[in-house]
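A single chain, nothing else alongside it, follows as structure tokens in the form predicted on its own.
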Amino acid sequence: MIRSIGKTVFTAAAVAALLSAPAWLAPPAAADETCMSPYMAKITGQEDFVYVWTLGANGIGDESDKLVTIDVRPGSASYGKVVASLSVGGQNEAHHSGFTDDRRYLWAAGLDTSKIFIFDVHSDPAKPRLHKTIDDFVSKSGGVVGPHTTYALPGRMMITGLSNDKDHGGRTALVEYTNEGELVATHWMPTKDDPRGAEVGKVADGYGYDIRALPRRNVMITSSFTGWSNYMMDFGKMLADGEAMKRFGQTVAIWDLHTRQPRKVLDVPGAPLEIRFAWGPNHNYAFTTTALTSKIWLIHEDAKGEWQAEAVADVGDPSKIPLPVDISISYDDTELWVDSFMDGTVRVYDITDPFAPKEKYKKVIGKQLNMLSSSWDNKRKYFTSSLLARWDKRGDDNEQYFKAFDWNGSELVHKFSIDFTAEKLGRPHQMRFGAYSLYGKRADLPTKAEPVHHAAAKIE
């Protein structure tokens, strides 16, 4: 069977050659999470720390959202321990975070208050400091609510919104800032009534969620989720509300990277969430998963240069709604990792033929599971548990953890876990890697465990 994506043709012989080709398949010295922006500075060697953007929880510690720093340096006396936690005050529905292209600052957003907290991670990578807070995101952007993905472009941060201040529904926009935190422009998502020049399929809902760029094809891709009125609603109540269940994204949008104009809106029903581009120099495709229909979708450029969307595999048993949430693609484009929240399971798919992913491994990580971060060499995997404050499970099923594993190619080997409830830290959500090597710094490993640095944020 022959398959094509743009100018890449997949045959049995091509796949065999792909697996033996050394150039881009070998993990380079510059290593990092495989979901990062291609414009972003990369870590040389292994990550030293994992920063966890954490939701404050009532009755847990200081109850505030915080950035938690975990030491992951093998040989360190504080390996597997929390070495710092920095509270920002209040509960903002901490969700996603992302670095600037120079990797000096980490932008972390709150879905409820629409605040963006900018952390200095370069002065002391072990102990981030709050550099700046953007608290006028809604007014400055023209009514965008719920900053989600904070994505590095050259000298810029592109932020996806989830909602708006008029009806708190899913109509939203991309909001562009300078690295210094100054607003550049708001780019509204295309709709049927206002396609903004885009070619529209069956639906153009104007919803947003994630964003990724493929510079060599001058392309950005955005996905779609739901608005404030849904993501801040109790999960059980929402599931029982027929009207609320209609308010989920059904599209993926293709954008011109340079002009920031939408080109095409693809029909991808079922709330497509995270987007991950392949890394191969001629692999013009990305994957996403749909939360409500539990499917893997391939977003690809065809032989005519047109972008298409195709459902290519199921995640578990869709009738049981495992709710796939986060995904990660390996550096060599051979594995797609998929976390599903409801069954707490990670599944690994062989994607050497991207049109026909095949499940090759699965493991239950916990009673609920959300985010996944993979090291570039595909050897270390980190997992967290929290989805949304009002969507997390209740009672004994409400596990809140950070877990680290090694991947030997056939099995996940547990290294350590941190119980965020027992440690009075809250609900761990998204992770990002930190390292001294990014800033030409080197820190000797401590001979004994250092005390945890707990602090309330002070803007500097």
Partner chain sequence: MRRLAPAVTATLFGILLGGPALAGDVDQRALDRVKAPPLGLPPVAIPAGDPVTAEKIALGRKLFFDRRLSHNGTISCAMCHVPEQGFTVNELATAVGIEGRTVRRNAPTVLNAGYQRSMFHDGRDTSLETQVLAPLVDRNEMGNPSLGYVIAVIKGLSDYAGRFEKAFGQPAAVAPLGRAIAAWERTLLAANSPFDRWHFGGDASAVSDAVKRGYALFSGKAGCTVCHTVEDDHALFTDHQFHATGIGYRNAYATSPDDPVRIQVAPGKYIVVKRRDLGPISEPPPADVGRYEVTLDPEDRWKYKTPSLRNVALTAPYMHDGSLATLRDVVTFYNVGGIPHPGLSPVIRPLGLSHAEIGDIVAFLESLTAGNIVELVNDARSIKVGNVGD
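Numbering follows the first chain given and starts at 1. Keep in mind that what you see is a predicted model, and the values were worked out from it rather than measured.
Quick note: we don't show the form predicted together with its partner chain, though the next part is all about it.
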Contact test, all of 48, 157 and 181, partner its partner chain in the model of the complex, heavy atom 4.5 Å: no
Which of 68 to 76, 290 to 298, 251 to 259, 99 to 107 sits within 4.5 Å of its partner chain in the model of the complex, heavy atom basis: 290 to 298
Proximity of residue 196 to its partner chain in the model of the complex, heavy atoms at 4.5 Å: no
Contact test in the model of the complex: residue 240 vs its partner chain, heavy atoms, 4.5 Å: yes
Contact of residue 282 with its partner chain in the model of the complex (heavy atom, 4.5 Å): no
Proximity of residue 235 to its partner chain in the model of the complex, heavy atoms at 4.5 Å: yes
Residue among 267, 135, 310, 359 with a heavy atom within 4.5 Å of its partner chain in the model of the complex: 135
Answer option from 82, 342, 214, 346, heavy atom within 4.5 Å of its partner chain in the model of the complex: 342
In the model of the complex, residues of 308 to 328 near its partner chain [heavy atom within 4.5 Å]: 318, 319, 321
